[in-house]
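Below, in structure tokens: the form predicted alone, a single chain.
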Amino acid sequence: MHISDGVLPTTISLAAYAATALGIGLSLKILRQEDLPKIAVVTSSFFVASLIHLPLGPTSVHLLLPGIVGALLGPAAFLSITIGLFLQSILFQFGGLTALGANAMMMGLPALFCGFLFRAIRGTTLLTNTVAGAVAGGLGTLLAATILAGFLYTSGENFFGVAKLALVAHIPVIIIEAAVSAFIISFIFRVKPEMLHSAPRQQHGITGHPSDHCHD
């Protein structure tokens, strides 16, 4: 699902880079030092999972994980995904450096949206968290595929067919990611539920204040 160099018009690539720089800046502004280990683990998982590609005509499909990344990291998800995509680009030539901004927007924006959505609907029980995880996982992939199609449409008529194929090809991926995300969230909820909290000063007795513990 990575967009390669030379596919997008220069103006679109530059605009995507500007938006990505803004997203990274906002992520860094709210980043907490105690979240760095979790960000590292989630970023490495995203990096490895999205390396496995299945060719499909002129495009390919693979796990994207924007929904689960957003659910686990919240606003830091954009930074995590951008780092993962950058490393994939320079180490394995997946995507391209000129298209890095567009790829980051394509996966980072759904991650941010799904992160907020997950926290809004997850409730307090195992069932509601599992369902919220499934919704975030599936919706994240759907949104990423839709943004990809939109970017490809800006590239001209030669890419219209590829854009349509990319949307259709990711239908099974949406289902798989919903199931994977539901499993991951349910597992984390049972063994380490504090990982599902990314709001400022959540459950940190040293740096936080007692009044902060009422926030999710």
Partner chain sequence: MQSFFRSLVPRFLFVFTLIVLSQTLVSLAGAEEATLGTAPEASTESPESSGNCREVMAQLQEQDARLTRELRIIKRDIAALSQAVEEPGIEEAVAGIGYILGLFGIAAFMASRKNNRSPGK
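Computed from a predicted model, the values in this text were never measured in an experiment. Residue numbers count along the first chain shown, from 1.
Same protein, other form: the form predicted in complex with its partner chain, not shown, and the subject of what follows.
Figure note: of the listed segments 64 to 72, 171 to 179, 31 to 39, 187 to 195, the one touching its partner chain in the predicted complex, with heavy atoms no more than 4.5 Å away, is 31 to 39. In the predicted complex, its partner chain lies within 4.5 Å of some heavy atom of Ser44. The closest heavy atom approach of Leu97 to its partner chain in the predicted complex falls outside 4.5 Å. Although the partner is absent here, Leu91 sits close enough that one of its heavy atoms falls within 4.5 Å of its partner chain in the predicted complex.
At the 4.5 Å threshold, heavy atoms of Leu26 stay clear of its partner chain in the predicted complex, well away from it. Within 4.5 Å of its partner chain in the predicted complex, a heavy atom is found for none of Leu143, Ile147 and Leu167. Looking at 115 to 150, no residue comes within 4.5 Å of its partner chain in the predicted complex, counting any heavy atom.
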